[in-house]
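Presented below, as structure tokens, is a lone chain in the form predicted on its own.
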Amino acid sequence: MTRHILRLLAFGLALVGLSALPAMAAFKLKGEPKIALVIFTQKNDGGWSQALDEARQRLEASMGVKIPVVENVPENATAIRPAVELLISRGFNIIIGSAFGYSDTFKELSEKYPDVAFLNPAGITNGPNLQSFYGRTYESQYLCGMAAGAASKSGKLGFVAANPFGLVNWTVNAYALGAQQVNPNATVTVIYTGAWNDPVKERAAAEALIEQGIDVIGQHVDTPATQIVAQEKGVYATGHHRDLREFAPKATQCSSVWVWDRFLEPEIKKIIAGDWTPPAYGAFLSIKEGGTDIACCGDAVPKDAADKITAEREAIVNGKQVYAGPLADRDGKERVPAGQVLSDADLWKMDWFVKGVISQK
């Protein structure tokens, strides 16, 4: 886990300073474009992988193409390499991956097959024909935090999270900041499960939060267990990855959802047109650029609050920064001075919490 965290941090820090690098020549695709998606789990997992597959389906509809998907290709080279090479042997020349664990193998394959374009969400490797990308999930979680704050009667919110490092902590903090836009006294108690996908631990964490009197629970984990528990116990929740009303229609008030097709369609069109130049350090996508968005709002969110969420989303699209100063942590230490914005490097190494966040293991 430590190595995984350090590499994710290295990826985030590498995103800083893109403008200092010389421009590369545009990639030129050879032959007719043929696109394929390779997923590390089953495509209907209810979370991350299903969000990718749903983006694939939307791409098929909007671009008028067929994009086959290969499922259950685990995050190791001995599985990834033959699956991708079989696709390439069949003429596929735009390969979309699905995981951090594909990073090194995609890098090796991109060098072996320079005429094939590779795209990898959550990856950390890049090259002349390889682009990794991730989303600024704190933007959509901030908006879901607003929904949570509006739905809560007690002002006591909870959050089930995977691991306590930057890309998770920024969602927890943003959730709290969003809730406090609606209720300045709102608190967020976060429990870390230590795993991305463990419905047993997620259920236990959600139940523990509800036992503390929390009436709305957010999440940054892969399964809908948190939403299901919330509905069973008669409280509200907000989801991650996809619109989780599918699993808990009464409980789910907002979801942070991946909208990869909004980013991938213009990228694929650039590849096909011959004017695709992957950024040297990948892409860190805002709502406007096609990272995440929200599915909102449920019946427990009053109309005036829903309207405010819509206005805040528009403000973010137009450049509003969630982590703008002045901003202090929960211990009173200034983290962002007035007139400044938290840097991407500081986002990726975020190890602190804003006022109102109560962290538990």
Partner chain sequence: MAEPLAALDAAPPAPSRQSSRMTVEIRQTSPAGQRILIRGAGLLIGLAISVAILAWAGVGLGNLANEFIYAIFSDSRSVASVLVQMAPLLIAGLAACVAFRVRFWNIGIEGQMIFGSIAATLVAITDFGPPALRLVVMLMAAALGGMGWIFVPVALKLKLGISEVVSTLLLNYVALNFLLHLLYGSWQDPKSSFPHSEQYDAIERLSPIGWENVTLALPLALLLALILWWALNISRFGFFTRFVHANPKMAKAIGIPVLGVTCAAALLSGALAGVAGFAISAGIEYRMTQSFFFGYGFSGILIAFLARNNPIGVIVVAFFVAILFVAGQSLQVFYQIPGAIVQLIQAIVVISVAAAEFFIRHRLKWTK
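Model, not experiment: these values are computed from the prediction. Positions refer to the first chain, counted from 1.
Another form, the form predicted together with its partner chain, is not on view; read the next lines as being about it.
Proximity to its partner chain in the predicted complex, defined as a heavy atom within 4.5 Å, holds among E265, E232, E289, E75 only for E75. Think of it this way: in the predicted complex, its partner chain has a heavy atom of just one of M63, A26, V70, V317 within 4.5 Å, and the residue is V70. Heavy atoms within 4.5 Å of its partner chain in the predicted complex are found in exactly one of 232-240, 176-184, 272-280, 81-89, that being 81-89. Interface membership of K153, defined by any non-hydrogen atom within 4.5 Å of its partner chain in the predicted complex, is ruled out. Looking at G194, you'd find a heavy atom of it within 4.5 angstroms of its partner chain in the predicted complex.
Under a 4.5 angstroms non-hydrogen atom cutoff, its partner chain in the predicted complex has F100 among its neighbouring residues. Not displayed here, its partner chain is kept clear of I96 by more than 4.5 Å at the level of heavy atoms in the predicted complex. Along 205-231, not one residue places a heavy atom within 4.5 Å of its partner chain in the predicted complex.
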